[in-house]
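Let's start with one chain on its own, the form predicted alone, as structure tokens.
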Amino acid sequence: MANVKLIDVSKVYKGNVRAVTDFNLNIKDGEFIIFVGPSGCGKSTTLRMIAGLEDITSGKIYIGDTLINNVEPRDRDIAMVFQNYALYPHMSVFDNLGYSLKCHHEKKEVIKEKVNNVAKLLNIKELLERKPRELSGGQRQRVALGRCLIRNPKAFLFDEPLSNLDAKLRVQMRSEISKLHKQVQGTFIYVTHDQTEAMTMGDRIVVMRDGYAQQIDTPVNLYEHPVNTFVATFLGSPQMNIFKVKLVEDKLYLDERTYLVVSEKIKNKMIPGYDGEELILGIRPSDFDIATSEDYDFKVSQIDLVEKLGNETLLYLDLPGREENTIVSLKMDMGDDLKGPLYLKVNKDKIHLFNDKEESILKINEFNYIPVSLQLCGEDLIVEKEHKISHFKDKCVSEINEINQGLIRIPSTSFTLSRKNDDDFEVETIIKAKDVRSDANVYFAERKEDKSRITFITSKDEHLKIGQNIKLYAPMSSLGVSDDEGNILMVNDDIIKPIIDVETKRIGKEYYILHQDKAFVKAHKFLLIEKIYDLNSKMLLCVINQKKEKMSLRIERDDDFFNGMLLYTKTVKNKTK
């Protein structure tokens, strides 16, 4: 098995029809990855480019360490399961399974042994003498899977393999393929338009739209933390209800009288600067519940439609902030009837908020900023009169001769619940809210000293209670330093001085450093980014040129830059007169 990597992969058909644009993905060895999206989004095209059935317009695809752009499909060591099974109708199941081995001139004894082993794994041993026309759809699909398994390829590709099966058989085959992945521990790349298949089978899901990857994440994170309204409404059945609201002082107004109060959890996740703005509110049908006349968010006098599905009851009704019906999902017995006015409450910790560009404004804070006293002492910096940042000036991104007050910047991932070193920075907090991710717990706390908000992340095994008083510790080596306005003053490593301020420009697929000095451009034909430091509105790049000389460049922030990226240089005329 092997990992599969796609770098800036694009596919453009005749007539400048773009099927896939700048697609980037690193699939780990043994991972089950799923491409999902509406028809025409580019998911099957991407799979076919990996298989070699479609040429790549631009970009690179690696299987393992091998660049396969110009490698023939038969030499890529991949196996593909098609929607129509693609079995040889004149051959028995045994011959279909063993055909690829026969083509590679394997001995009859080896073929027999491998066919029997795969047939046993897939529970089709009693079907080996039958022809494909004598098999059911599910049996044919197992044979198609077996034909791939017998080769032990580097990667398995599945192009909507269950779309021809009935609903009951699809559920059965979903579990069969998931079990198979655990058994063979292979790299599975699976295309489907069915969100249920995606949510129940994949380790990670790639949600695609119009040739672009919208979000790549685990099923839990995609469902709970969508990055935009497309992902939010695409995943989940019934789909998320979308409302138009206005944010005013921690209240979301659906109309002049109806509002929802923003919860502590959502407050801690909300990007600042949206007070008074028109926003998009998302509420999943399952996040409504029946309330009392004393404590409710919505009072409904008329229900337009009731659908009793057994495990849930769907209500279609009119709520403010939305022109079409709102769908509400309630856990009710089939015989229960709804009488009189209906009072509903929303789980406000579960709401989703998007800006006018339909992008989520709920983010986990990567860094915490805490006001502190600062004092320069030679090359070192003293924090709160007792903690020392050694060699401070070697790490500075600005010239500093004196400083009394500022902010220390602590990554949310750097906090621990116990002291590791004697000089660890200590923060006393009270836990206010909790958010659950697929691989971690995120806690939102309040610092006791000044009521400032603190975000910290723990493993899934560490469970803390809301309202619990707790001390957090951060190693001094993880701390950054900013001035009172949040401008970053230092990074966590010694950096090459002086720092050169430069402009960048993208030309085609490449990025260029623009410089007025021809000697600089001649001396630095290309630069490899070794490390990137976040300076808020700017970025610091630690680079190395073709002569192995290192330097530090400061540029305007651009999230397209990454470690290992090559930059080229270009001379520009001096604009000043």
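Bear in mind the structure is a predicted one, so any value in this text is a computation, not a measurement. A residue's number is simply how far along the shown sequence it sits, counting from 1.
The same protein also exists as the form predicted together with adenosine-5'-diphosphate (ADP); that form is not shown, yet it is the one meant from here on.
>> Just to confirm, with a 4.5 Å cut-off on non-hydrogen atoms, which of 19, 25, 555, 567 contacts adenosine-5'-diphosphate (ADP) in the predicted complex?
In response: Contact check passes for 19.
>> I need to confirm a contact call. Of 34, 527, 41, 68, which residue comes within 4.5 Å of adenosine-5'-diphosphate (ADP) in the predicted complex, counting heavy atoms only?
In response: Contact residue from the list: 41.
> Counting only non-hydrogen atoms and a 4.5 angstroms cut-off, does residue 545 reach adenosine-5'-diphosphate (ADP) in the predicted complex?
Replying inline: Result no; residue 545 lies far from adenosine-5'-diphosphate (ADP) in the predicted complex.
> Is there a heavy atom of residue 561 lying 4.5 Å or less from a heavy atom of adenosine-5'-diphosphate (ADP) in the predicted complex?
Replying inline: Residue-level check for residue 561: no, no contact with adenosine-5'-diphosphate (ADP).
>> Within 4.5 Å, heavy atoms only, one stretch in 505 to 513, 41 to 49, 60 to 68, 519 to 527 touches adenosine-5'-diphosphate (ADP) in the predicted complex. Which?
In response: Selected range: 41 to 49.
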